[in-house]
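Here you get one chain, nothing else, as structure tokens; it is the form predicted on its own.
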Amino acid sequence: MFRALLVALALLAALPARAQVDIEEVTSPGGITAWLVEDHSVPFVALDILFEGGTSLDPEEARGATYLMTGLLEEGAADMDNAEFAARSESLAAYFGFDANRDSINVTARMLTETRDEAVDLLRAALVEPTFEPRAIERVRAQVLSIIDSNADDPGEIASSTFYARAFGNHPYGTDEEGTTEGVNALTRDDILAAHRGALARDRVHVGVAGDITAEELGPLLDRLFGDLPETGTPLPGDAPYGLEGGVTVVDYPTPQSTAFFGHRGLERDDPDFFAAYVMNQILGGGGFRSRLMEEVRVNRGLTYGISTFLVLFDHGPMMLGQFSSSNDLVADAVEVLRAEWADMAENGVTAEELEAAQTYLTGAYPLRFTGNDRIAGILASMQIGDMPITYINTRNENVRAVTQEDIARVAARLLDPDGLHVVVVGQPEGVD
């Protein structure tokens, strides 16, 4: 009942599409910073918390420790076991989510204004005082091993995992976030404790808050929530050298349909050409049926049901990637068309009509991202961890509209490398070396 009430309030907190978002930077008495969007229309608060570093903090001998540790944060804290923690959050109509990826640990919290203080105390216990009780470790370890086993039979997961392993080698980016079966089985409670100390630290926390709370209320709340965490964590990993040349890697897998994962080096989020690259990608493969690759590979030739590309802004090794699936007898043709379209845009750029259509869609769809406080909180935290200015939301569409054909021609020639494009194909493709 209480959880249903929280969901209902989250939906009620959905706001009309905003052309302008007023963000306030709040610094706690203890020096912790958060970005806040106040909205007192509904007694509901959303927090999104990102700890920079993520699974890339794992040492080589303990890969998977951060992922396992993150899964244990709601499995018992302070004097509560997992059942008591769940019952307490339910009684408060509070929701907490914990996840880990290569570059961050993601914590989401949704709570009612009337139970906010108790919910914050419960979240603090999960972050600062997790018990890592042995039975909970084995239960969550089994869940992680099940994920690893499932991924081993998923062609898409095999393709991306193979690509990252070949691109980044021994760097943590070259290992799946969950780790390996052998590695996860070997993890000890001490490994989990070390991952907790190294990952959840005040010097790498980014907080987005939206809803029924003022700046004056938020400051002390931040210190209550994070003040007892370590000041500093494990040093962040260095840059991830990209070591994959152009070509094709085939992973034999008995299936009538092959899955392809392709890409090469990308560019940083703070690169002067980022917005040009962003619009270019929308035209090439990011725009669904509006994109060139969908038009050429699916619509005109029927070689796949879908193909897409995306900019991946890893902190230590950005890439431009894409994926598609096709029957084994059509994969070779699909790869040929993919390379041809990659080369054509690198050489010739885009048309005025393509640019206008992409800009119209990107600017028109953007306000729809701000239709609820839960989504706004996530965007605020992501902006901070991405080193975006606090004005980004209100200037983003201007930056998209400012991109010219000349800008895209320049970044396409610089970024798109048909000879460096590497394709990992999982299946039994015909005519693919």
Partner chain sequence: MLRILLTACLALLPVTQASAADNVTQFTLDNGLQAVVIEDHRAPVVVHMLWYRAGAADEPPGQSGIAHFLEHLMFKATETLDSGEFSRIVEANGGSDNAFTSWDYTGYFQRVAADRLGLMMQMEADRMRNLRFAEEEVSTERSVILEERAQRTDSSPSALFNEQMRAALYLNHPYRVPIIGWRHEMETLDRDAVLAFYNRHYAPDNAILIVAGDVAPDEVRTLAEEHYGPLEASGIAPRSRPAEPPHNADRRVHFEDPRVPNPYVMRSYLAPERDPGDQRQAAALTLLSNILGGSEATAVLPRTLQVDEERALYASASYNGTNLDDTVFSLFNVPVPGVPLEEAEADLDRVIADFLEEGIDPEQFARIKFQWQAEMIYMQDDVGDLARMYGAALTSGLTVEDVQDWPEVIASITAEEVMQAARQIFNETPSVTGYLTAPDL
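Small disclaimer: the values here were computed from a predicted structure and weren't measured. Residue numbers count along the first chain shown, from 1.
The same protein also exists as the form predicted together with its partner chain; that form is not shown, yet it is the one meant from here on.
Contact check at 4.5 Å (heavy atoms) against its partner chain in the predicted complex: all three of Tyr95, Tyr361 and Ala365 pass. By the criterion of a heavy atom within 4.5 Å, Met294 is counted among the residues contacting its partner chain in the predicted complex. Proximity of Thr371 to its partner chain in the predicted complex falls within the 4.5 Å heavy atom cutoff.
At a distance threshold of 4.5 angstroms between non-hydrogen atoms, Tyr253 is in contact with its partner chain in the predicted complex. In the predicted complex, its partner chain lies farther than 4.5 Å from every heavy atom of Met388. Just one listed stretch, out of 222-230, 335-343, 322-330, 235-243, contacts its partner chain in the predicted complex at the 4.5 Å heavy atom level, and that stretch is 322-330.
This chain is drawn without its partner chain; in the predicted complex, the residue among Ser150, Asn348, Thr181, Thr188 with a heavy atom within 4.5 Å of it is Ser150. Of the residues Ala277, Ala199, Leu303, Val207, just one reaches its partner chain in the predicted complex with a heavy atom at 4.5 Å or closer; this is Leu303. Using a 4.5 Å cut-off on any heavy atom, the residues of 69-98 that reach its partner chain in the predicted complex are, in sequence order, Asn82, Ala83, Ala86, Ala87, Glu90, Ser91, Leu92, Ala93, Ala94, Tyr95.
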